[in-house]
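Before any questions on how it binds or moves, here is one chain, the form predicted on its own, in structure tokens.
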Amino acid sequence: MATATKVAAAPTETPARPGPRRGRPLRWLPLAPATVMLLLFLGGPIAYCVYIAFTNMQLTGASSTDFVGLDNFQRAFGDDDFRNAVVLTLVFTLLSSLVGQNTLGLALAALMQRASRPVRTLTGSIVIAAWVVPEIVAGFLLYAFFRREGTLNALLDWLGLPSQNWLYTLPILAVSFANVWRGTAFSMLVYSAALSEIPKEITEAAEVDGAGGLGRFWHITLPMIRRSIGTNLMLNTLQTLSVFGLIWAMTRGGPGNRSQTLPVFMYDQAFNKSLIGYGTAVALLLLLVGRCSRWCTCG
């Protein structure tokens, strides 16, 4: 009988489990300088402004700054001028952002989608030119347009229509129109990009089924760009809430306080009346309004 051969079964080697990465904390090291800079130059001023809002700090006439708690906020809610500024801010935002820029931007985008290339180029250049103009320059241009001896009244006189001092009789409508004129380009660009993403096959199929232009727009176009509508409303609302230079150049919040929105009221209290603590408290309330508007527009 042949000698038995011994077959040594090789033990199965289990792969070694990787140990913990010792260099993992080092991957955050390149972000450390940026984090420090953000905390120092962004977080620091924000924290200091929050502190100022709870003090009676003044630019002039006060030798010391004391902590007053919620007195500035209680004063704001009991101030008739503050409540007037809140109402005017809501009117200004509703007219110029939610209705004006949003509606006109969507209309321009829809019309330019059907227009020829030269018309699209010319219209886009004119609308975007108003957007790239600095805010203070746009304010002076619209001031020259609406003033008593301005362009608008000259056109009305030439047409034989009655004219008036628009910056005195309807100041909040004048600054709202100015903001629409300047900011519609952003909405137009957002909606142009959104409309270009809608497949043509869907609209062509709806047209074959007998849907008219208004029906296709209401039942197909609007539902398919609803995310773009929400994003545009949020960004436009936040931008409109912070408009200051345009209103300051045109009316300075006047006549009286008939066009004094919250940013103008905040500036007037903080720098014209030297009430830094009170003005900063109003700024925090404006920040809260902006946060609430973001929740409302984004759902």
Partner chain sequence: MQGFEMLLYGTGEAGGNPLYDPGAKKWVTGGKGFSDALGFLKTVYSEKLGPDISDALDPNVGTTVYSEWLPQGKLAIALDGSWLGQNWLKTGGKPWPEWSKTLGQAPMPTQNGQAPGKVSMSGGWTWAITAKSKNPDLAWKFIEQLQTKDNAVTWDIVDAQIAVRKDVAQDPKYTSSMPGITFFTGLVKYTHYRPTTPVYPQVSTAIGEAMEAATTGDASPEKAAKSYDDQLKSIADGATVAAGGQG
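Residue numbers count along the first chain shown, from 1. All of these numbers come straight from a predicted model, not from anything done at the bench.
Below, we refer to the form predicted in complex with its partner chain, which is not included among the displayed structures.
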property: Site check T60, N272 and L275: each within 4.5 Å of its partner chain in the predicted bound form by heavy atom; result: yes
property: Contact flag, L233 vs its partner chain in the predicted bound form, heavy atom cut 4.5 Å; result: no
property: 4.5 angstroms heavy atom contact with its partner chain in the predicted bound form for F217; result: no
property: Heavy atom of M250 within 4.5 Å of its partner chain in the predicted bound form; result: yes
property: 4.5 Å heavy atom contact, W131 to its partner chain in the predicted bound form; result: no
property: Heavy atom within 4.5 Å of its partner chain in the predicted bound form - the one residue of R148, R226, R120, R83 that qualifies; result: R148
property: Contact stretch among 42-50, 236-244, 28-36, 253-261 - heavy atom within 4.5 Å of its partner chain in the predicted bound form; result: 253-261
property: Partner contacts in the predicted bound form for 148-171 (non-hydrogen atom within 4.5 angstroms of its partner chain); result: R148, N165, Y168
